[in-house]
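For reference, the chain that follows is the form predicted on its own, supplied as structure tokens.
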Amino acid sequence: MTEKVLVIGTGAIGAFYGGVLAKAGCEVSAVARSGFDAVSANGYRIESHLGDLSWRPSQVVRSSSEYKGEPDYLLVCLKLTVETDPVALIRPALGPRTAIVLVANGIDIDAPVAAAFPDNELVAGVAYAAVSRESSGVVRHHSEYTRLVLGRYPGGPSSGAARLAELIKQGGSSAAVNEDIVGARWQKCAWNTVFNPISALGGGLGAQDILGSEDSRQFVREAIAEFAAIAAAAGHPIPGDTADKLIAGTLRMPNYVSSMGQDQLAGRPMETEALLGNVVRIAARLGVPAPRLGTLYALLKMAEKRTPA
């Protein structure tokens, strides 16, 4: 059986994994809310060390309501800004047997989708893939380490997640299934919740720039420690050496500008609440001190209200 996949959110991550699944033999279609004409004419060009992942969608539509058929997987790769309503974008294309796959960054982001569609399996996805959108339909894959972690929300075994992981591997990339996918989200956000806001506040600082001095490395280390304390209080502890490992790993990366930094440079809405605001609110609810993360959040909210010159 050829799996039918509809990708909602064909920015960098969505286009990349659309290409991986197309290479695996899936019938992959795309909701192209921007760049519709370019994608219709040329498809997606994916520049990756994994090989040629360029692909032409089976259907290119402007909204999920225009999709013809019932997808086996609805691959939702949206940036969860305050302007984005994933439930409204998902609903028109959803069939009774469709599995929703939410590949997105943030904490406390799955529950609204699960509540809206209780009869459909929700697979949460945590992507480790440094990719950037160069122009309409053109994506560059930067990272040697690439993995998609999948799991049923809120937890437990999932045949849908297992099958999708198999397809990702057939497409030449790496995937794993984790029965504690909420814990996996916390683990991933130990980097995102700290590095993304700093990148944005610095006007698009790269990973190497952020760690350019001992003082800056110490700030990052302490901010990650705050995050770890919040995660533990929320019931999702992360390893004690997480800060040291993340800093060491980041120092081996190119001077990559994170997604929030890229959004800030382009004047796009940022994932402030999903990546940082939710964490700060959880800290307040659980009584966990978070002065560094709270300061980053307050500064981001100020930056978002900046009046253009």
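Just so we're clear, the structure is a prediction, and the values are computed from it rather than from any experiment. Start at 1 with the first residue shown and count on from there. So that the term is clear: the rigid core is the largest set of C-alpha atoms that superpose within 1.5 Å between two forms.
There is also a form predicted together with a further copy of the same chain; it is not shown, and the following applies to it.
Visitor: Where, among 204 to 212, 119 to 127, 85 to 93, 147 to 155, do residues come within 4.5 Å of a further copy of the same chain in the model of the complex by heavy atom distance?
Guide: It is 204 to 212 that comes within 4.5 Å of the partner.
Visitor: Pick from Ser143, Ser132, Ser216, Ser136: which residue has any heavy atom within 4.5 angstroms of a further copy of the same chain in the model of the complex?
Guide: The residue in contact is Ser216.
Visitor: Since exactly one of Ala228, Ala175, Ala99, Ile198 fits, which has a heavy atom within 4.5 Å of a further copy of the same chain in the model of the complex?
Guide: Contact with a further copy of the same chain in the model of the complex is made by Ile198 alone.
Visitor: Looking in the model of the complex, any heavy atom of Val288 within 4.5 Å of a further copy of the same chain?
Guide: The answer is no: Val288 has no heavy atom within 4.5 Å of a further copy of the same chain.
Visitor: Should Ala24 be classed as touching a further copy of the same chain in the model of the complex when contacts are defined as heavy atoms within 4.5 Å?
Guide: Ala24 lies outside the contact set for a further copy of the same chain.
Visitor: Are there residues in 286 to 304 with a heavy atom within 4.5 Å of a further copy of the same chain in the model of the complex, and which are they, in order?
Guide: Contacting residues: Pro291, Arg292, Thr295, Leu296, Ala298, Leu299, Met302, Ala303.
Visitor: 2 Å or more on the CA of Ser65 between this form and the one not shown, with the rigid core superposed, yes or no?
Guide: Stays below the 2 Å threshold, so no.
Visitor: Align both forms on the core first, then report whether Ala32 has a C-alpha shift of 2 Å or more between this form and the one not shown.
Guide: The answer is no, as the C-alpha of Ala32 shifts between this form and the one not shown by less than 2 Å after core alignment.
Visitor: On a rigid core superposition, would Ala274 pass a 2 Å threshold for CA movement between this form and the one not shown?
Guide: Shift of 2 Å or more: no.
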